[in-house]
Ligand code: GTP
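Presented as structure tokens, the chain that follows is alone, the form predicted alone.
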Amino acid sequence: MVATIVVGGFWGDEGKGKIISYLSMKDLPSIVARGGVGPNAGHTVEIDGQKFGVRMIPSGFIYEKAKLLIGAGVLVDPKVFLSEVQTLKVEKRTKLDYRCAIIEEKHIEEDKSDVHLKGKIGTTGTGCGPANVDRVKRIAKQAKDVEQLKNFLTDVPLEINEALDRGEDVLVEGTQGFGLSLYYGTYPYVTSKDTTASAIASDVGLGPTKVDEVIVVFKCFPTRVGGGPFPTEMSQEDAEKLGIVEYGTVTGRRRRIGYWDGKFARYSAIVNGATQIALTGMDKLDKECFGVREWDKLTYKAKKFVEQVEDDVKVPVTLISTGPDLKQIVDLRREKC
């Protein structure tokens, strides 16, 4: 029985979808649950050339025997949720907590028209901030109040904890990244709630004593979408010279690119309580590493970078992504855990 939480270590877009989908296929958890803010975060899953962008359904949908749960702490846009359920054909194994707060059209309109949110902060315009305001005011609708969602309702904490009591594995997926935490991020350029592992556990009703592993995902080259401080940011020209041009999954906005920030990564790992580090984008650091699946086949440059990360963060790097496909990964967990 293992309960694992996966969260982002920088400003989102770290490749959590890839890591979660890999862990789902490799470790075969009975439940993959999603915490986090809501549909303002998109996770990309790619397998055998087929690419999926999900905003509500957990990235672990790729493992067909996993039950897919959305925790009470997550905001739900019924249109987005129902569309993804239908597209991914996961109606029979997807449930959401009956206490999830609902994003209404008025929230989306407010998010898109608010000068501060849309202009200065650079929100995604998906209605999450205004919906969380209504939630704090205790006037937000809940999933149990929406007729179209009645067949998907459940008690997520009960399902998760009963699965753990039966000796099953549970994987919990966070969204956004540490730098976007309402409490610990680069305020005010942050999202509308905390995004650390503690908050993700709370979102799905998982008590702290039940958490076994916290995997924090970092990119070799951190990225950020929207406004806000980015201490190691490089110019677009330098990013293009490195062959790094990326766009946000939800907004389509071009991502800002930066160099590795060991100091920020260390602080992120401390607050998240990291037990393992997943490192993504190794093929961007060194193109010769593309698709490599064994440590011995990584280049000297790649291995030295991993050593630098472990020295900076003081946590073992156990997963190294070498490409977008979920099979393109070096898994060192047996050696380092």
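Owing to the predicted nature of the structure, the values given are computational and were not obtained by experimental measurement. Start at 1 with the first residue shown and count on from there.
This protein has a second form, the form predicted together with this ligand, left out of what is shown; the following refers to that one.
- Contact flag, G42 vs this ligand in the model of the complex, heavy atom cut 4.5 Å: Looking in the model of the complex, residue contacts with this ligand include G42, since a heavy atom lies within 4.5 Å.
- D286 within 4.5 Å of this ligand in the model of the complex, heavy atoms: So D286 does not count as contacting this ligand.
- Query: So, in the model of the complex, is R266 in contact with this ligand at a 4.5 angstroms heavy atom limit?
  - Reply: Residue-level check for R266: no, no contact with this ligand.
- T196: touches this ligand in the model of the complex, heavy atom cutoff 4.5 angstroms: Close contact is absent here: in the model of the complex, T196 is far from this ligand, nothing within 4.5 Å, heavy atoms only.
- Please state whether every one of the three residues K18, R255 and T280 places a non-hydrogen atom within 4.5 angstroms of this ligand in the model of the complex. Yes.
- Task: Choose from 92-100, 147-155, 230-238, 173-181 the stretch whose residues reach within 4.5 Å of this ligand in the model of the complex, heavy atoms counted.
- Result: Among the candidates, contact is made by 173-181.
- Item | Residues from 294-332 in contact with this ligand (non-hydrogen atom within 4.5 Å) in the model of the complex | Contacts from 294-332: S321, T322, G323, P324.
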